[in-house]
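To begin, one chain is listed below as structure tokens, in the form predicted on its own.
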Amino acid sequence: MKKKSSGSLLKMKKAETLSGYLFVTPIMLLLGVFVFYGLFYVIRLSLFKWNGLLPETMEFRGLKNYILLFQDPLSARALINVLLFMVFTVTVQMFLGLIMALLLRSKLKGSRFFRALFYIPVTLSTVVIAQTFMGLYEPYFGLLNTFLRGVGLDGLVRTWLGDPRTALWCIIAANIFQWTGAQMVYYIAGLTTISEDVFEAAQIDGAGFWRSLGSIVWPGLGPTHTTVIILGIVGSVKTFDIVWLLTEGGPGNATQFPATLLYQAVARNSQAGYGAAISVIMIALSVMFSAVQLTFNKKRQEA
């Protein structure tokens, strides 16, 4: 009986293992076709000189595309821009999203309305956001310059998107406006994991808003912070649409991003191999920054 029971348990375990592999197989096939094959193709293409049209014109050049990329001063400018964009958009969106979530987490009258209101920019097309901010930044009749003239600050009036000193910050402001609502939703969901009893105990002990934020809320939202930061990192590295719609990488290449360099290389200059090299660097940056954040979060949890 014992041999039969152990044999049947072994068969059941094998059947469960086999069924698990059968469930995973379709996903692995999809990943293999649409992710791993595409990644391998891009890496391979980055080693060639090609106009992207005729396969017979492909010319193997090894790492020359990467050498040219790292020697190009525009690449350094694009890297600096994306790092500035990443730091300021992620941190500001996290802070504003968390504050909004804390204010709207309660079941006060009208909280659902304001949640929906603050989330509206996330649902809008980037084209709509860009057109709105182009009207805001318009140098002659735009709302920003009109306001500055109205309060007597004519010295601050400028062509916001045409000035290399302000163009990048204008793009950052537009991105913060568009995506802060998404961070708010993440933090509202994260706050549901913190017991209300903890907040009530803090209030009884006399803890104010900022003390509760630093001692209870912020440490308790570790997984949410990680999610928000990783999404922000990946989103920053691949940012293209809002930059292209507002400045097209100008003025004077002041707002070039890796994605705009990629578009110009492939679509305008027919440099498919060089564009593939930019793609590989973008993927490497996303993986590297995400890995650093995951490692930091793991060490913080173990401490």
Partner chain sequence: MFTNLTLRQKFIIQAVLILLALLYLVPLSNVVISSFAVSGFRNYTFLFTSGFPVIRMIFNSLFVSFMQVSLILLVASPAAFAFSKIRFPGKNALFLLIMLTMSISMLCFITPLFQTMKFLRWINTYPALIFPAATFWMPVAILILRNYYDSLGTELLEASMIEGAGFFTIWSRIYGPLSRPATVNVIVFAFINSWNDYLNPLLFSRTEEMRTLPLAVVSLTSSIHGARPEVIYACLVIMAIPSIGVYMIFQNQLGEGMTSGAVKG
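None of the values given here were measured: they were computed from a predicted structure. Positions refer to the first chain, counted from 1. Throughout, rigid core stands for the largest set of C-alpha atoms superposing within 1.5 Å between the two forms.
One more form of this protein exists, namely the form predicted together with the partner chain; it is left out here, but the text below deals with it.
With the partner omitted here, the stretch from 164-172, 149-157, 72-80, 123-131 that lies within 4.5 Å of the partner chain by heavy atoms in the predicted complex is 123-131. When the partner chain is considered in the predicted complex, residue 63 lies well away from it, no heavy atom lying within 4.5 Å. With a 4.5 Å cutoff on heavy atoms, residue 48 does not count as touching the partner chain in the predicted complex; it lies far away.
For residue 67, no non-hydrogen atom is located within 4.5 Å of the partner chain in the predicted complex, even though that partner is not displayed. Put simply, residue 135 is close to the partner chain in the predicted complex: some heavy atom of it is within 4.5 Å. Of all the residues from 244-262, those having a non-hydrogen atom no more than 4.5 Å from the partner chain in the predicted complex are 244, 245, 259, 262. In a rigid-core overlay of the protein, residue 70 has its C-alpha displaced by under 2 Å between the shown form and the other one. When the rigid core is held fixed, the Cα atom of residue 31 travels 2 angstroms or more between the shown form and the other one. The Cα-Cα distance between residue 267 and residue 34 is shortened by 3 Å or more in the predicted complex relative to the form shown here. Between residue 227 and residue 30, the C-alpha separation grows by 3 Å or more in the predicted complex, relative to the conformation displayed.
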